[in-house]
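Okay, here we've got a single chain as C-alpha coordinates, the form predicted alone, with questions on binding and movement later.
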Amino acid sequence: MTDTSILSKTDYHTSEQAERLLKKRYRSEARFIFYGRLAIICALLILVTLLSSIFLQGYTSFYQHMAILEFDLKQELVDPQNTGDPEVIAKADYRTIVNNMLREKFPDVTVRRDRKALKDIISSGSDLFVRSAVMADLSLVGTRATIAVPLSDDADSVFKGFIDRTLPEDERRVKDNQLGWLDQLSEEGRIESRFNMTFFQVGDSREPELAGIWGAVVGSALTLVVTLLISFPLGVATAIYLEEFAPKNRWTDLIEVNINNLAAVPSIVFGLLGLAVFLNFFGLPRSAPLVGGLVLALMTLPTIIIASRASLKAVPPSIREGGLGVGASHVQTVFHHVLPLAMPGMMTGTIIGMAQALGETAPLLMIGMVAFIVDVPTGITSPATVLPVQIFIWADSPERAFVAKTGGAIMVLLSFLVIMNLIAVMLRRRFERRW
(Lines give C-alpha, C1' and ligand atoms only; values in the text may rest on other atoms or scores of the structure.)
Protein backbone atom coordinates (compact mmCIF):
# COMPACT_ATOMS: atom_id res chain seq x y z
CA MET A 1 0.00 0.00 0.00
CA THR A 2 1.19 3.45 -0.85
CA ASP A 3 1.93 5.73 2.07
CA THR A 4 -0.10 8.91 1.47
CA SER A 5 2.17 10.82 3.81
CA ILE A 6 5.00 10.66 1.29
CA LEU A 7 2.87 11.47 -1.78
CA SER A 8 3.72 14.67 -3.50
CA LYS A 9 1.17 17.43 -3.75
CA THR A 10 0.58 16.64 -7.41
CA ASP A 11 0.10 12.96 -6.66
CA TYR A 12 -2.41 13.67 -3.89
CA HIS A 13 -4.66 15.87 -6.06
CA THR A 14 -4.61 13.33 -8.89
CA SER A 15 -5.38 10.37 -6.67
CA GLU A 16 -8.49 8.25 -7.17
CA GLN A 17 -10.13 9.66 -4.03
CA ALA A 18 -9.55 13.25 -5.18
CA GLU A 19 -11.04 12.43 -8.59
CA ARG A 20 -14.16 11.03 -6.93
CA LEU A 21 -14.56 14.12 -4.74
CA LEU A 22 -14.03 16.39 -7.73
CA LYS A 23 -16.63 14.55 -9.79
CA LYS A 24 -19.09 14.69 -6.87
CA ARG A 25 -18.58 18.44 -6.57
CA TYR A 26 -19.14 18.93 -10.30
CA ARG A 27 -22.33 16.87 -10.12
CA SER A 28 -23.56 19.00 -7.22
CA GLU A 29 -22.84 22.18 -9.15
CA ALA A 30 -24.58 20.80 -12.23
CA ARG A 31 -27.67 19.91 -10.16
CA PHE A 32 -27.69 23.37 -8.60
CA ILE A 33 -27.50 25.03 -12.02
CA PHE A 34 -30.24 22.72 -13.33
CA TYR A 35 -32.55 23.50 -10.40
CA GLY A 36 -31.91 27.23 -10.82
CA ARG A 37 -32.71 27.14 -14.51
CA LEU A 38 -35.79 25.01 -13.83
CA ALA A 39 -37.00 27.56 -11.27
CA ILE A 40 -36.54 30.39 -13.77
CA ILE A 41 -38.38 28.45 -16.48
CA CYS A 42 -41.27 27.66 -14.09
CA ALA A 43 -41.50 31.31 -13.05
CA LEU A 44 -41.52 32.43 -16.69
CA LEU A 45 -44.20 29.86 -17.56
CA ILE A 46 -46.38 31.07 -14.68
CA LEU A 47 -45.87 34.70 -15.73
CA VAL A 48 -46.67 33.96 -19.37
CA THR A 49 -49.76 32.00 -18.33
CA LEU A 50 -50.95 34.84 -16.12
CA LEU A 51 -50.37 37.54 -18.74
CA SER A 52 -51.93 35.38 -21.47
CA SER A 53 -55.06 34.78 -19.42
CA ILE A 54 -55.38 38.51 -18.72
CA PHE A 55 -54.89 39.35 -22.40
CA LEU A 56 -57.35 36.73 -23.65
CA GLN A 57 -59.88 37.92 -21.11
CA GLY A 58 -59.45 41.64 -21.65
CA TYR A 59 -58.50 42.34 -25.27
CA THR A 60 -62.16 42.34 -26.34
CA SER A 61 -62.79 45.40 -24.18
CA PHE A 62 -60.73 47.50 -26.62
CA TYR A 63 -63.28 47.15 -29.42
CA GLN A 64 -67.06 47.13 -29.58
CA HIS A 65 -69.76 46.61 -32.19
CA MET A 66 -71.77 49.59 -33.31
CA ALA A 67 -75.11 49.74 -35.12
CA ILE A 68 -75.13 52.23 -38.03
CA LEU A 69 -78.72 53.50 -38.09
CA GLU A 70 -80.70 56.36 -39.59
CA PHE A 71 -82.38 58.73 -37.17
CA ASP A 72 -85.11 61.18 -38.10
CA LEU A 73 -84.08 64.32 -36.21
CA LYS A 74 -87.40 66.08 -36.56
CA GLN A 75 -87.48 69.77 -35.84
CA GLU A 76 -90.47 69.43 -33.52
CA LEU A 77 -88.60 66.90 -31.38
CA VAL A 78 -85.13 68.47 -31.30
CA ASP A 79 -85.80 72.22 -31.49
CA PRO A 80 -89.55 72.95 -31.66
CA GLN A 81 -89.13 76.75 -31.53
CA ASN A 82 -86.29 76.73 -34.08
CA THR A 83 -84.10 78.69 -31.67
CA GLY A 84 -80.80 77.10 -32.69
CA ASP A 85 -79.79 77.36 -29.01
CA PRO A 86 -77.37 74.53 -28.11
CA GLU A 87 -78.77 74.40 -24.58
CA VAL A 88 -82.29 73.78 -25.91
CA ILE A 89 -81.06 71.18 -28.40
CA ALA A 90 -79.08 69.37 -25.71
CA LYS A 91 -82.24 68.95 -23.62
CA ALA A 92 -84.29 67.41 -26.46
CA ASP A 93 -86.01 64.04 -26.05
CA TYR A 94 -83.50 61.87 -27.89
CA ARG A 95 -84.89 58.73 -26.29
CA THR A 96 -88.09 59.21 -28.30
CA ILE A 97 -86.01 59.68 -31.45
CA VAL A 98 -84.28 56.34 -30.81
CA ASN A 99 -87.61 54.59 -30.21
CA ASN A 100 -89.06 56.07 -33.40
CA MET A 101 -86.06 54.78 -35.34
CA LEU A 102 -86.61 51.25 -34.04
CA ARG A 103 -90.32 51.33 -34.93
CA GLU A 104 -89.51 52.56 -38.40
CA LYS A 105 -86.75 50.01 -38.93
CA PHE A 106 -88.77 47.05 -37.67
CA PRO A 107 -92.44 47.94 -38.38
CA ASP A 108 -93.65 44.36 -37.94
CA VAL A 109 -92.69 44.36 -34.23
CA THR A 110 -95.95 45.34 -32.56
CA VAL A 111 -96.23 43.20 -29.43
CA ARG A 112 -95.14 45.05 -26.30
CA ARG A 113 -92.85 42.28 -25.10
CA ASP A 114 -91.16 42.11 -28.51
CA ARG A 115 -90.71 45.88 -28.56
CA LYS A 116 -88.90 45.70 -25.24
CA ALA A 117 -86.69 42.91 -26.58
CA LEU A 118 -85.99 45.03 -29.66
CA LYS A 119 -84.88 47.98 -27.52
CA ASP A 120 -82.53 45.65 -25.64
CA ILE A 121 -80.35 44.94 -28.69
CA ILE A 122 -78.93 48.47 -28.61
CA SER A 123 -77.45 50.25 -25.64
CA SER A 124 -79.71 52.09 -23.23
CA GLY A 125 -77.34 55.01 -23.67
CA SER A 126 -77.87 55.27 -27.43
CA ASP A 127 -79.70 58.56 -26.95
CA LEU A 128 -76.47 60.03 -25.52
CA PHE A 129 -74.60 59.13 -28.72
CA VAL A 130 -77.35 60.70 -30.86
CA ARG A 131 -77.25 63.85 -28.75
CA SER A 132 -73.44 64.01 -29.02
CA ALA A 133 -73.65 63.72 -32.81
CA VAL A 134 -76.24 66.51 -33.00
CA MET A 135 -74.30 68.78 -30.65
CA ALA A 136 -71.18 68.25 -32.76
CA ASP A 137 -73.07 69.30 -35.91
CA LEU A 138 -76.18 71.42 -35.29
CA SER A 139 -76.99 71.36 -39.00
CA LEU A 140 -78.33 67.81 -38.50
CA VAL A 141 -81.46 69.21 -36.83
CA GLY A 142 -84.47 68.60 -39.07
CA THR A 143 -82.69 66.00 -41.23
CA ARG A 144 -82.24 62.24 -41.40
CA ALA A 145 -78.77 61.43 -40.11
CA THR A 146 -76.79 58.19 -40.05
CA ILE A 147 -75.33 57.80 -36.56
CA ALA A 148 -73.42 54.94 -34.96
CA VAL A 149 -74.76 53.78 -31.60
CA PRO A 150 -73.35 50.92 -29.48
CA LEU A 151 -75.04 47.57 -29.20
CA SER A 152 -76.05 46.37 -25.77
CA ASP A 153 -73.56 44.23 -23.89
CA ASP A 154 -75.50 41.04 -24.67
CA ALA A 155 -75.78 41.84 -28.37
CA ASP A 156 -72.11 42.79 -28.46
CA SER A 157 -71.26 39.47 -26.82
CA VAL A 158 -73.03 37.65 -29.66
CA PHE A 159 -70.66 39.11 -32.25
CA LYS A 160 -67.65 38.58 -29.98
CA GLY A 161 -68.51 34.89 -29.69
CA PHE A 162 -69.26 34.85 -25.98
CA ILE A 163 -72.83 33.60 -26.45
CA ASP A 164 -73.37 30.15 -27.94
CA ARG A 165 -76.15 30.44 -30.51
CA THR A 166 -76.60 26.66 -30.57
CA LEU A 167 -77.88 26.54 -26.98
CA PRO A 168 -81.63 26.36 -26.34
CA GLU A 169 -83.30 29.77 -26.13
CA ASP A 170 -84.04 29.49 -22.41
CA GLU A 171 -80.32 28.90 -21.66
CA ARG A 172 -78.93 32.08 -23.22
CA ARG A 173 -79.46 35.77 -22.56
CA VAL A 174 -80.16 36.67 -26.22
CA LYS A 175 -83.45 35.27 -27.52
CA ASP A 176 -84.17 33.94 -31.00
CA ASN A 177 -86.04 37.03 -32.19
CA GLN A 178 -83.16 39.24 -31.03
CA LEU A 179 -80.70 37.06 -32.93
CA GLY A 180 -82.89 37.47 -36.01
CA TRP A 181 -82.88 41.26 -35.76
CA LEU A 182 -79.11 41.30 -35.22
CA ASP A 183 -78.60 39.03 -38.22
CA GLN A 184 -80.77 41.35 -40.31
CA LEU A 185 -78.72 44.39 -39.33
CA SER A 186 -75.50 42.47 -40.00
CA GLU A 187 -76.65 41.35 -43.47
CA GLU A 188 -77.51 44.97 -44.30
CA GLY A 189 -73.97 46.00 -43.34
CA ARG A 190 -75.18 48.06 -40.38
CA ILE A 191 -72.99 46.36 -37.77
CA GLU A 192 -69.40 47.57 -37.51
CA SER A 193 -66.57 46.70 -35.14
CA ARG A 194 -64.74 49.81 -33.94
CA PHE A 195 -62.04 50.72 -31.48
CA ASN A 196 -63.73 51.34 -28.13
CA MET A 197 -62.89 54.98 -27.47
CA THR A 198 -65.63 55.09 -24.84
CA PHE A 199 -63.50 52.81 -22.66
CA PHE A 200 -60.82 55.54 -22.46
CA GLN A 201 -63.04 58.65 -22.42
CA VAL A 202 -65.72 58.22 -19.74
CA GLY A 203 -66.14 57.09 -16.17
CA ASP A 204 -67.94 54.11 -14.71
CA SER A 205 -71.47 53.06 -15.66
CA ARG A 206 -74.03 50.42 -14.72
CA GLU A 207 -74.11 49.42 -18.39
CA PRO A 208 -70.95 47.55 -19.46
CA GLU A 209 -70.93 48.96 -22.99
CA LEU A 210 -70.92 52.51 -21.57
CA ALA A 211 -68.36 51.98 -18.79
CA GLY A 212 -64.88 53.45 -19.07
CA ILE A 213 -61.70 53.90 -17.05
CA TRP A 214 -61.03 57.60 -17.58
CA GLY A 215 -62.58 58.58 -14.26
CA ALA A 216 -60.42 56.00 -12.46
CA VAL A 217 -57.29 57.10 -14.37
CA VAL A 218 -57.85 60.74 -13.38
CA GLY A 219 -58.57 59.70 -9.79
CA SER A 220 -55.34 57.67 -9.69
CA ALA A 221 -53.37 60.59 -11.12
CA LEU A 222 -54.75 63.07 -8.57
CA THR A 223 -54.15 60.62 -5.74
CA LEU A 224 -50.53 60.02 -6.82
CA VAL A 225 -49.91 63.76 -7.11
CA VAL A 226 -51.00 64.25 -3.49
CA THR A 227 -48.92 61.23 -2.45
CA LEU A 228 -45.81 62.54 -4.22
CA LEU A 229 -46.11 66.08 -2.90
CA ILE A 230 -46.30 64.80 0.68
CA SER A 231 -44.09 61.71 0.75
CA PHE A 232 -41.13 62.85 -1.34
CA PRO A 233 -40.15 66.02 0.61
CA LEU A 234 -40.83 64.38 3.99
CA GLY A 235 -39.04 61.15 3.03
CA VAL A 236 -35.94 62.89 1.66
CA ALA A 237 -35.76 65.33 4.58
CA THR A 238 -36.08 62.49 7.09
CA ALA A 239 -33.38 60.47 5.35
CA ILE A 240 -30.99 63.44 5.25
CA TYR A 241 -31.47 64.17 8.94
CA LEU A 242 -31.10 60.57 10.09
CA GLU A 243 -28.10 59.88 7.88
CA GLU A 244 -26.19 63.16 8.08
CA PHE A 245 -27.20 65.11 11.17
CA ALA A 246 -28.92 62.93 13.79
CA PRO A 247 -26.76 61.76 16.73
CA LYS A 248 -26.29 58.02 17.02
CA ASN A 249 -28.11 57.08 20.22
CA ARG A 250 -30.94 54.85 21.39
CA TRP A 251 -33.63 57.24 20.17
CA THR A 252 -32.38 57.34 16.59
CA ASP A 253 -31.92 53.57 16.72
CA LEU A 254 -35.54 53.24 17.83
CA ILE A 255 -36.68 55.50 14.98
CA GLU A 256 -34.72 53.47 12.43
CA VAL A 257 -36.20 50.21 13.69
CA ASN A 258 -39.71 51.61 13.52
CA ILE A 259 -39.17 52.91 9.98
CA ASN A 260 -38.00 49.46 8.87
CA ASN A 261 -40.98 47.87 10.61
CA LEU A 262 -43.44 50.27 8.99
CA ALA A 263 -42.19 49.20 5.58
CA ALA A 264 -43.49 45.68 6.35
CA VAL A 265 -46.84 46.69 7.87
CA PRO A 266 -49.85 45.44 5.83
CA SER A 267 -51.29 48.23 3.73
CA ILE A 268 -54.79 47.83 5.17
CA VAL A 269 -53.45 49.06 8.52
CA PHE A 270 -52.71 52.42 6.90
CA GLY A 271 -56.28 52.42 5.61
CA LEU A 272 -57.58 51.94 9.15
CA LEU A 273 -55.34 54.79 10.28
CA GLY A 274 -56.69 57.04 7.53
CA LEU A 275 -60.26 56.11 8.45
CA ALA A 276 -59.71 56.93 12.11
CA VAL A 277 -57.63 60.09 11.70
CA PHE A 278 -58.41 61.79 8.39
CA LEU A 279 -62.11 60.91 8.11
CA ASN A 280 -63.41 60.51 11.66
CA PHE A 281 -61.16 63.01 13.46
CA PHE A 282 -60.40 65.70 10.86
CA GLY A 283 -63.64 65.21 8.90
CA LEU A 284 -62.05 65.23 5.45
CA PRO A 285 -64.27 64.24 2.50
CA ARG A 286 -64.74 60.52 1.99
CA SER A 287 -63.71 58.89 -1.28
CA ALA A 288 -61.55 61.86 -2.30
CA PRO A 289 -58.05 61.85 -3.85
CA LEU A 290 -56.91 64.11 -1.00
CA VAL A 291 -57.56 61.46 1.65
CA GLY A 292 -56.34 58.66 -0.62
CA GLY A 293 -53.11 60.55 -1.25
CA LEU A 294 -52.57 61.14 2.47
CA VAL A 295 -53.05 57.44 3.25
CA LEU A 296 -50.77 56.31 0.43
CA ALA A 297 -48.18 58.90 1.46
CA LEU A 298 -48.02 57.34 4.93
CA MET A 299 -47.61 53.91 3.33
CA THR A 300 -44.94 55.09 0.88
CA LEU A 301 -42.85 57.12 3.33
CA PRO A 302 -40.85 54.17 4.77
CA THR A 303 -39.91 52.98 1.27
CA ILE A 304 -38.69 56.43 0.24
CA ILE A 305 -36.80 56.95 3.50
CA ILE A 306 -35.00 53.60 3.24
CA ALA A 307 -34.11 54.14 -0.43
CA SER A 308 -32.94 57.70 0.23
CA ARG A 309 -30.74 56.64 3.14
CA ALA A 310 -29.19 53.91 1.02
CA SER A 311 -28.43 56.49 -1.68
CA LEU A 312 -26.80 58.81 0.84
CA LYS A 313 -24.69 55.96 2.23
CA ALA A 314 -23.52 55.09 -1.28
CA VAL A 315 -21.83 58.50 -1.66
CA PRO A 316 -18.13 58.02 -0.75
CA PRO A 317 -16.85 59.73 2.42
CA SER A 318 -14.20 61.46 0.29
CA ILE A 319 -16.94 63.70 -1.17
CA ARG A 320 -17.85 64.90 2.30
CA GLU A 321 -14.21 65.27 3.32
CA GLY A 322 -13.43 67.21 0.15
CA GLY A 323 -16.32 69.63 0.74
CA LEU A 324 -15.31 70.20 4.33
CA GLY A 325 -11.67 70.54 3.25
CA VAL A 326 -12.38 73.49 0.97
CA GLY A 327 -14.17 75.36 3.76
CA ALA A 328 -17.81 74.35 3.24
CA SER A 329 -20.00 73.92 6.29
CA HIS A 330 -21.63 70.60 7.10
CA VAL A 331 -24.97 71.80 5.71
CA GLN A 332 -23.34 73.13 2.54
CA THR A 333 -21.45 69.88 2.05
CA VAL A 334 -24.63 67.83 2.36
CA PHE A 335 -26.84 69.98 0.12
CA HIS A 336 -24.25 71.08 -2.46
CA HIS A 337 -22.18 67.92 -2.82
CA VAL A 338 -23.76 64.82 -1.25
CA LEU A 339 -27.44 65.37 -2.07
CA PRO A 340 -26.98 65.96 -5.84
CA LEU A 341 -25.01 62.72 -6.11
CA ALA A 342 -27.60 60.79 -4.08
CA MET A 343 -30.65 62.28 -5.83
CA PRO A 344 -30.80 59.71 -8.73
CA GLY A 345 -31.10 56.89 -6.23
CA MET A 346 -33.70 58.82 -4.27
CA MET A 347 -35.75 59.41 -7.42
CA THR A 348 -35.55 55.73 -8.32
CA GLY A 349 -36.80 54.73 -4.87
CA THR A 350 -39.57 57.32 -5.08
CA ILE A 351 -40.78 56.06 -8.45
CA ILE A 352 -40.84 52.48 -7.16
CA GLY A 353 -42.79 53.67 -4.13
CA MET A 354 -45.25 55.50 -6.40
CA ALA A 355 -45.68 52.35 -8.49
CA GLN A 356 -46.46 50.43 -5.32
CA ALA A 357 -48.99 53.09 -4.31
CA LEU A 358 -50.62 52.99 -7.76
CA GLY A 359 -51.38 49.29 -7.36
CA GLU A 360 -52.77 49.48 -3.82
CA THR A 361 -56.43 48.72 -3.14
CA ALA A 362 -56.91 47.71 0.49
CA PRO A 363 -56.14 51.08 2.19
CA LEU A 364 -58.36 52.93 -0.28
CA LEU A 365 -61.28 50.57 0.34
CA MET A 366 -61.16 51.56 4.01
CA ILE A 367 -61.61 55.27 3.24
CA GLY A 368 -64.60 54.79 0.93
CA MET A 369 -63.00 54.96 -2.51
CA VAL A 370 -64.98 51.85 -3.45
CA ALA A 371 -68.04 54.02 -4.12
CA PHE A 372 -69.73 53.98 -7.52
CA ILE A 373 -68.46 57.18 -9.17
CA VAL A 374 -69.77 58.13 -12.61
CA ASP A 375 -68.38 61.64 -13.05
CA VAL A 376 -64.72 62.29 -13.80
CA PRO A 377 -63.13 64.04 -10.77
CA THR A 378 -62.15 67.67 -11.23
CA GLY A 379 -60.05 68.18 -8.10
CA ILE A 380 -58.47 66.49 -5.10
CA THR A 381 -61.65 66.91 -3.03
CA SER A 382 -64.04 65.57 -5.69
CA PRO A 383 -65.49 62.06 -5.26
CA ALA A 384 -63.25 59.67 -7.14
CA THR A 385 -62.04 56.13 -7.47
CA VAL A 386 -58.73 54.66 -8.65
CA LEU A 387 -57.80 51.98 -11.16
CA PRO A 388 -57.25 49.08 -8.71
CA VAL A 389 -60.56 49.80 -6.98
CA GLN A 390 -62.31 50.11 -10.36
CA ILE A 391 -60.96 46.66 -11.24
CA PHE A 392 -62.25 45.34 -7.92
CA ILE A 393 -65.73 46.75 -8.58
CA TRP A 394 -65.94 45.35 -12.11
CA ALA A 395 -64.64 41.94 -11.04
CA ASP A 396 -67.54 41.73 -8.60
CA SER A 397 -70.15 42.50 -11.31
CA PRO A 398 -72.16 39.57 -12.70
CA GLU A 399 -72.38 40.73 -16.33
CA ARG A 400 -70.13 38.89 -18.80
CA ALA A 401 -69.07 42.14 -20.47
CA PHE A 402 -67.63 43.43 -17.19
CA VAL A 403 -65.27 40.43 -17.16
CA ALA A 404 -63.67 41.76 -20.34
CA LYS A 405 -63.66 45.28 -18.87
CA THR A 406 -61.82 43.92 -15.84
CA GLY A 407 -59.15 42.32 -18.01
CA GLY A 408 -58.77 45.50 -20.07
CA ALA A 409 -58.39 47.66 -16.97
CA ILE A 410 -55.77 45.26 -15.58
CA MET A 411 -53.82 45.54 -18.83
CA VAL A 412 -53.90 49.35 -18.58
CA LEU A 413 -52.80 49.24 -14.93
CA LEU A 414 -49.96 46.83 -15.72
CA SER A 415 -48.86 49.13 -18.54
CA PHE A 416 -48.61 52.07 -16.15
CA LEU A 417 -46.67 49.97 -13.62
CA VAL A 418 -44.25 48.71 -16.27
CA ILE A 419 -43.69 52.25 -17.57
CA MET A 420 -42.99 53.58 -14.07
CA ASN A 421 -40.52 50.78 -13.33
CA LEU A 422 -38.80 51.29 -16.70
CA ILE A 423 -38.43 54.99 -15.91
CA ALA A 424 -36.84 54.05 -12.57
CA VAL A 425 -34.39 51.69 -14.30
CA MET A 426 -33.52 54.28 -16.95
CA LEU A 427 -32.91 56.97 -14.34
CA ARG A 428 -30.68 54.62 -12.38
CA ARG A 429 -28.62 53.69 -15.42
CA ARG A 430 -28.44 57.25 -16.71
CA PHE A 431 -27.37 58.99 -13.51
CA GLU A 432 -25.82 56.19 -11.46
CA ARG A 433 -22.24 56.87 -10.33
CA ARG A 434 -19.82 54.04 -9.70
CA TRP A 435 -17.11 54.81 -7.21
Partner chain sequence: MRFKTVAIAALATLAASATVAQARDQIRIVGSSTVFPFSTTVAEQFGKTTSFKTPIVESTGSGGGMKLFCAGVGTAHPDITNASRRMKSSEFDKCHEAGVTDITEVKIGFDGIVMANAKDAPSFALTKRIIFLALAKDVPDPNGGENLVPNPYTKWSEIDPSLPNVEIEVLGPPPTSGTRDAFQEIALEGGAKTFDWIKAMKKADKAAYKKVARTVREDGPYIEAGENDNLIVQKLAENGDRLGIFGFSFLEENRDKVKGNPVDGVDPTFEAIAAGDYGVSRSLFFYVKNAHRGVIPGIEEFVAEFTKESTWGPDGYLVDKGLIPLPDAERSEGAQSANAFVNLPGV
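Predicted, not measured: the structure shown is a model, and the values here were computed from it. Numbering follows the first chain given and starts at 1.
Beyond the structure shown, there is the form predicted together with the partner chain, which is absent from this document and is the topic of what follows.
- This chain is displayed alone, yet in the predicted complex one of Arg206, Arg165, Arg194, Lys313 has a heavy atom within 4.5 Å of the partner chain; that residue is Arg206.
- Between the partner chain and the residues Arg95, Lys160, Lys74, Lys119, the one pair within 4.5 Å by heavy atoms in the predicted complex involves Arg95.
- When the partner chain is considered in the predicted complex, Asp253 lies well away from it, no heavy atom lying within 4.5 Å.
- The partner chain in the predicted complex comes within 4.5 Å of a heavy atom belonging to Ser287.
- Within 4.5 Å of any heavy atom of the partner chain in the predicted complex lies no heavy atom of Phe34.
- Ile373 belongs to the set of residues with a heavy atom inside 4.5 Å of the partner chain in the predicted complex.
- Heavy atoms within 4.5 Å of the partner chain in the predicted complex map, among the stretches 24 to 32, 37 to 45, 365 to 373, 66 to 74, onto 365 to 373 alone.
- Residues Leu167, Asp170, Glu171, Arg173 are the ones in 158 to 187 with at least one heavy atom within 4.5 Å of the partner chain in the predicted complex, listed in sequence order.
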